[in-house]
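The chain below stands alone, shown as structure tokens; this is the form predicted on its own.
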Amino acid sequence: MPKVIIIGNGAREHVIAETLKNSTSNLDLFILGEAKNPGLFSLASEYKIGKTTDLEVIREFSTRIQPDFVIPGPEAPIDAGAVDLLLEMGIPSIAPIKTVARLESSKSFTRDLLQKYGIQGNPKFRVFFGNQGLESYLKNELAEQFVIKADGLQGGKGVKVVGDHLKNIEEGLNYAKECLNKDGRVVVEEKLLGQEFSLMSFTDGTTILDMIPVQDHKRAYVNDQGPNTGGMGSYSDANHLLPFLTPQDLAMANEITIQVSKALHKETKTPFKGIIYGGFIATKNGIKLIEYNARFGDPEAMNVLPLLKTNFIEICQALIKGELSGLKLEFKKQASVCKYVVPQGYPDNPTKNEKIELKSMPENAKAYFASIDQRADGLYLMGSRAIALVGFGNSLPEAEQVAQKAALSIKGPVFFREDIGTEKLIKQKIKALQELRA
């Protein structure tokens, strides 16, 4: 009987656990989370509450369980050195060690890597270690069209774009100085215009197997308004493209990831093994890289993993052994739409400790629990994204309707992005990219 530890307690970890359980009727699943997730709890042989970045907690739990492998869900345990520790203990992980996980934990490292090895996909950028030349670069080099990126892990909220989050150069300079004070460096880039998409891939350090491309929606409110969040929802299409993407766009994103993987190995003498997740943008000048992550996306995992036809445990085992080249990765030909139900006031001033009710779910829908506490009298909001509702169908409109109906079944002080996956919003995105590329 395989034994697997999942580190983390969000909706992403819930769907990872479900997909593992669907791979075999014979699985011992162990969870290390910082809070009790009712969805994960129902799937686990044992559920330990503990700090997911505390290496001693991870060591003690893993020594006792002796799992076949570990899947760290969030980025923080990877950055804390959990995978390195487990490797020393002889326990493999579906994630990279810290040296190569810098692809996610340091935006400056990734930009410099692409530049050094001449890999396509970088925007115009500079890494600053102080204020000198910063204002001139924003004004003259970038013509006041800029993005300021904090260098370290920020939970998806460290990037600020002029015109969206920053009104002018003065606000840009203030945020850049804030980043410099915190991290000692800041990445300043040109603002790219186009359509963003996520492409997650399994890799054993040599072979890269792409999952289905997904479009995430970071902004809190309808029509991509409001502050950045961890992700309000996402969708994937039944043809395994996206409505605004061409097969050539997807091939270019894949090629960037292949070249980055090779350059990373050459630079660090270490293979990247696990999930390599590229955030890309389709522009008038082809595909550009926004950032890389070293784990499954949240919400993107909820679109992709339920559609996986290939046995997930077999994928993990092949990844660990370096045998992904002998595996065929297959997904159902269905569309998926994910809508996150979040507390009123999220992300800046979210409602907490209020009860919500989950009414009956429509057919072809799934609910994945995130920041939810199950008490004796029901489910309570914990202050972050609460439940990911995912609809599946033979087309995007069909999947969107299922997701919409599922999200509306949650009663309480919550809201969600009703426009995610709708024909209206998708047509806007197609038109915007067509006009850019005309």
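Quick note: we count residues from 1 along the sequence shown, nothing fancier. Note that the coordinates shown come from a computational prediction; the quantities given were computed from them, not determined experimentally.
Just so it is clear, the following notes concern the form predicted in complex with a small molecule, a form of the same protein that is not shown.
Trainee: Counting any heavy atom within 4.5 Å as contact, can you tell me which stretch out of 244-252, 88-96, 318-326, 191-199 lines the small molecule in the predicted complex?
Mentor: Looking at the other structure, the answer is 191-199.
Trainee: At 4.5 Å between heavy atoms, is residue 107 in contact with the small molecule in the predicted complex?
Mentor: Taking the distances in the predicted complex, the answer for residue 107 is yes, it comes within 4.5 Å of the small molecule.
Trainee: With the partner left out here, check for me: in the predicted complex, does some heavy atom of residue 291 sit within 4.5 Å of the small molecule?
Mentor: Output for residue 291 is yes: heavy atoms within 4.5 Å of the small molecule.
Trainee: May I ask you to state whether residue 149 is within 4.5 Å of the small molecule in the predicted complex, using heavy atom distances?
Mentor: Yes - in the predicted complex, heavy atoms of residue 149 and the small molecule come within 4.5 Å of each other.
Trainee: Does the 4.5 Å heavy atom contact test between residue 218 and the small molecule in the predicted complex come out positive?
Mentor: It does: once the small molecule is placed as it appears in the predicted complex, residue 218 has a heavy atom within 4.5 Å of it.
Trainee: Quick one: of 159, 222, 313, 356, which gets a non-hydrogen atom within 4.5 angstroms of the small molecule in the predicted complex?
Mentor: If I apply the 4.5 Å criterion carefully, the residue I get is 159.
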